[in-house]
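Here we start with a single chain on its own, the form predicted on its own, put down as structure tokens.
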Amino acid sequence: MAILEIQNVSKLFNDQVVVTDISLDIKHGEFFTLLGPSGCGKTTLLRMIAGFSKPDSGRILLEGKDITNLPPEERPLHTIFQSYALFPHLTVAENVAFALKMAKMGDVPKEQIKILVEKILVDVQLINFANRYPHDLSGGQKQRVAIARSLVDRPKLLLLDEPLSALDARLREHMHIELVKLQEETGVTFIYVTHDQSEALALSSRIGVMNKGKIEQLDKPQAIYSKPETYFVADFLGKCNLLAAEIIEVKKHAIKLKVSDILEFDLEQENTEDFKVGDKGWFSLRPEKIKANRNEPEDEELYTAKATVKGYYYYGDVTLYILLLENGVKLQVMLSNTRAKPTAFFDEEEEIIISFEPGSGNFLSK
């Protein structure tokens, strides 16, 4: 059952459409992420859920109740922004307890409030910092205080607007683990906004990829990454080779593609009714799905092509190669660094053979 229903919601600013007729359901206990570039409308949509902005059309329902016109303070949810908004004159424990007072728990005995605060501080591993002030905390600790304050009264929804953007890369990775753990332990539904693709893939149970005010694709992280439905999603979410492709034959459960004018192969499809000969689009192929060797592979089921190494980028655990196919088309290939040699496996201008399984790619018609 959906905890949140967004029904045909649109929003305009100065006659410019920012969110366009979005409809989606978010389930109880989900870690749902809105992912997209700056200006795509994801934060505007989050602000409408929070009540800080009102839709120009459509409705927002929380557990079946229409909250479209409710003010923020009457909605059983909390929002965490990029700035943690902690009270500098209050201790960590007092900052967290303040949320309980705002939640109209003033009649609850002080001892009970203390127990609730201590429990959530244990959950975010800050119980030993209860009497410290915000200026004595690191960025990650401040973030955890903000999360504790938002979760202490167990809201129905927690909205997070790029809350980790101010942290360094190492601390962000640590907070990814902490956020997922907290979400699972509390059971609170999280709606998370970010432009960081790797963050969305690591955290989410489902992702809605937004572009120009619309949801381009809505699915589990694995499906969105491995089977993007549009050129934008394939290009935005991680590294991807997008090769010109044309359908040259339609079969019962497959389409035959001509890719980059040099490769022809069958691509399995459950439903081929929407395809026809002559349809043009792109074949999306992730760099890590491609193998590279100096000799032809023994597996005859792989599709192969000759390529020349034009450059590479060494990242430690992997190397990204820039290759040139015989017809001048560029290709990215990501190979794991399994050898001790601290440089590329292949030298620039070396001629190699690339190979891949057609099923590891996807045909995009839009």
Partner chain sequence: MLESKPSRVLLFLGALGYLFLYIPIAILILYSFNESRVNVGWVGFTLKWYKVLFTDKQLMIAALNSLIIAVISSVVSVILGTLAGVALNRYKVPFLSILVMIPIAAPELLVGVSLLLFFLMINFTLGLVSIILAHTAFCISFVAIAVKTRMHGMDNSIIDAARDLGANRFQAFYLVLIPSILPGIIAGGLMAFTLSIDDFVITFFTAGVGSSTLPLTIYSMLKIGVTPEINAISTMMIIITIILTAIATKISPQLFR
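Everything quoted here is computed from the prediction, not taken from an experiment. Positions refer to the first chain, counted from 1.
We do not show the form predicted in complex with its partner chain, though everything after this point is about it.
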property	result
Stretch in contact in the model of the complex with its partner chain, which is absent here, among 190 to 198, 75 to 83, 238 to 246, 267 to 275 (heavy atoms within 4.5 Å)	75 to 83
Residue (of 130, 137, 99, 113) lying close to its partner chain in the model of the complex, criterion heavy atoms within 4.5 Å	99
Contact test, all of 52, 71 and 149, partner its partner chain in the model of the complex, heavy atom 4.5 Å	yes
4.5 angstroms heavy atom contact with its partner chain in the model of the complex for residue 220	no
Heavy atom of residue 47 within 4.5 Å of its partner chain in the model of the complex	yes
Distance check, residue 89 to its partner chain in the model of the complex, heavy atom within 4.5 Å	yes
